[in-house]
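Only one chain is shown below, in structure tokens, and it's the form predicted alone.
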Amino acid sequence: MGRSHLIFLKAIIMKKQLLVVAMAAVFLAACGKKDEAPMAADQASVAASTASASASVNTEEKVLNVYNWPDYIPKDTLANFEKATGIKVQYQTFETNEALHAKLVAGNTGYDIVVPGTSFAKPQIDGGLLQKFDKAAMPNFANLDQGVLDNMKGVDPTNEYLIPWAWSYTTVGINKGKVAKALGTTPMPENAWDLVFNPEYTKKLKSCGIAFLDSPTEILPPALHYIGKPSYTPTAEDIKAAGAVLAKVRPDIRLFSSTMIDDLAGGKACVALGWAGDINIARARAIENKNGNDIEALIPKTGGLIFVDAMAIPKDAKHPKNAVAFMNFYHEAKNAAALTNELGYAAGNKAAMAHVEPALASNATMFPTPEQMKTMVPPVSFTDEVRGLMSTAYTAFKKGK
């Protein structure tokens, strides 16, 4: 059989498959109860967008290579995507933005999707390390929260390189019972940042363990914020001042952690400088393991530091259409809601809120109030110079020099 005949037959089969999907969606809508009609309509939308995505990638090898953070994906997402599209996903993880950035700079990554923090993404875009995605092939782009997209425009002004995976904020997490016991008669501070940057508190809390994220660009910005300096655009003198603050609490720090969820949930630390989303995961894990429900993410009086982790396609990606298909699938409303329902992170998807469990949708540690959001520091990209200065200051801090 000639190649032209094969192409003709594939086209007929594809049309039949799309017709079957559409008819099934209509049948579900017609047969459902009256109050279930919105759900049926949503199923039809999901089916149509999935079919559209599948049709757009049928010329590529059925493979997708993803590089993401650990503990950061709903349990059924990959299996459901593979079932819907026939695309096999190879999924690997990294621990820090620095590690991902080094891979991109080295080139020949082998990945089709990476998930950088937006504070690192601008030099990656400007340096030609990422490519634009095909927005026309992503109907679920319409589901995205415009507020989150606007927050990303300082890095990606036209929203053509980055699609939100999740957003949260850097803050302080505590085990309430252990912290109360360690502090004794000392009351909780008005500003939660004091728990990790003020020696008056850290000297008492070191008995139950203080953990910091093990990354210069996660620790220096909050320290700068604490002393009233720009978190992302500091001068060399600003960074020196932040280093002096860190030096005073260095003897009280137990862990520099790349496994913050387990360290907090397992009791290795009672105080953590980390991500609100991870602190919420630690709380859920502690409850599941019957270690209590005392873990809580705090919102400091002066605000946390917002971050957005975003999907991007490396310049050398071999399967960019498959990448777009996955981005589109991930941002179907129910799929995006799964990230919040299972992991306590917001996906930056407005349509997903209808499917988020009510107790989570009203949880201010996941979705801060408008008043709390006004105190938050929005993400800004680091320059190479600032990143280098932060790395030097952080190394000195860890070594206690």
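Numbering starts at 1 and follows the sequence shown. Keep in mind the model is a prediction, meaning the values are calculated, not measured.
Although not depicted, the form predicted in complex with a small molecule is the subject of the following passage.
> Is it true that Glu60, Asp112 and Asp134 each have at least one non-hydrogen atom within 4.5 Å of the small molecule in the predicted complex?
So, no: the whole triplet misses the small molecule.
> So, Tyr161 and the small molecule: in the predicted complex, are they within 4.5 Å at any heavy atom pair?
Result no; Tyr161 lies far from the small molecule in the predicted complex.
> How about Phe307 - does it come within 4.5 Å of the small molecule in the predicted complex, if we only consider non-hydrogen atoms?
Yes, Phe307 sits close enough to the small molecule in the predicted complex that at least one of its heavy atoms falls within 4.5 Å.
> Going by a heavy atom distance of 4.5 Å, is Tyr67 a contact of the small molecule in the predicted complex?
Close contact is absent here: in the predicted complex, Tyr67 is far from the small molecule, nothing within 4.5 Å, heavy atoms only.
> How about Asn97: is it within 4.5 Å of the small molecule in the predicted complex, going by heavy atoms?
Yes, contact at 4.5 Å.
> Within 4.5 Å of the small molecule in the predicted complex, counting heavy atoms only, one of 67-75, 316-324, 241-249, 194-202 shows up; tell me which.
Checking each option against the 4.5 Å cut-off leaves 67-75.
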